[in-house]
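Just one chain is shown here, as structure tokens, and it is the form predicted on its own.
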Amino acid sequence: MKRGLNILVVGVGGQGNILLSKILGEVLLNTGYDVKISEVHGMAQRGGSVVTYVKAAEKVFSPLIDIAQADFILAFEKLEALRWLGYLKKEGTLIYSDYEIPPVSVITGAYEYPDVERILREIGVRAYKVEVKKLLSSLGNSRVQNTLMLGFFSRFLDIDEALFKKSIERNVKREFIEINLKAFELGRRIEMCEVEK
């Protein structure tokens, strides 16, 4: 019997979390899971929050993930990691990007961008920060954060990396396959450092 997986993928519009969820869902389906995916876009085209629920089990009846039921949260932006943290199980894992996209309230000076690492330490969450900005700079392409994060996340799953690569090849436009595969492979190689509690 396969252990169920509840995965929340969060970010802002244009970061590729829907594509990542599609690739991940296909991989899980190909390993024998029943999979349901649900997307919530909000004001995505204006930099608003985007969340995708990915549920996998022997049989999935609802695509939504309840509060405190996510095994993993993949956050493409630091503030989004905090916004959705209530969905993480007590023993769950947060994987988040060092990317910061200040909301209007921060840009106008009404609020300061929060110290995400300090808050995570205070709460005591099991978390891994992926230094996406530096890694994307080394690739020379800032638009492959999703496959870089997927590469890092794939190490938490007992699934052959070849399945991920095949799914990337099937779901990414032909001219972007090579750079996305490079990003995925880089994500698999980077050091895993848990954020101190």
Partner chain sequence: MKMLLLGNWAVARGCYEAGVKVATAYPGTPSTEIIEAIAQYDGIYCEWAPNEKVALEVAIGAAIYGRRAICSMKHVGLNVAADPLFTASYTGINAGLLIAVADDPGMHSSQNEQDTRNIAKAAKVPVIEPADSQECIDFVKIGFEISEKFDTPVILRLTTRVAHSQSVVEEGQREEIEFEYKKDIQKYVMMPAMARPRHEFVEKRLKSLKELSETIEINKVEQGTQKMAFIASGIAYQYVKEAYPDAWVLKLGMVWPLPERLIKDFCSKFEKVYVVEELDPFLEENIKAIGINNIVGKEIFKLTGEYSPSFIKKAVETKEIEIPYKVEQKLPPRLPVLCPGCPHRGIFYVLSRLKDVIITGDIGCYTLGALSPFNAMDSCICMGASIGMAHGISNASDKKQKVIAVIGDSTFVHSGITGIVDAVYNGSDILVMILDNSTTGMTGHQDHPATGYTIKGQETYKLDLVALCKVLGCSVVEEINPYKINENFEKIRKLLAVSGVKVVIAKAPCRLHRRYKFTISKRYIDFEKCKNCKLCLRLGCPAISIKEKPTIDENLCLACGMCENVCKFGAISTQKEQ
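Positions refer to the first chain, counted from 1. Note that the coordinates shown come from a computational prediction; the quantities given were computed from them, not determined experimentally.
Beyond the structure shown, there is the form predicted in complex with the partner chain, which is absent from this document and is the topic of what follows.
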- Task: Answer for residue 62 alone: is it within 4.5 Å of the partner chain in the predicted complex, judged on heavy atom distances?
- Result: yes
- Item | Non-hydrogen atom contact residue 36 with the partner chain in the predicted complex at 4.5 angstroms | yes
- Task: Answer with yes or no whether residue 49 is in contact with the partner chain in the predicted complex, where contact means some heavy atom within 4.5 Å.
- Result: yes
- Message: Considering non-hydrogen atoms and a 4.5 Å limit, does the partner chain approach residue 121 in the predicted complex?
- Response: no
- Enumerate the residues of 97-134 that have a non-hydrogen atom within 4.5 Å of the partner chain in the predicted complex, in sequence order, or give none. 99, 100, 101, 102, 103, 104, 105, 106, 107, 108, 111, 112, 114, 118, 119, 123, 124, 125
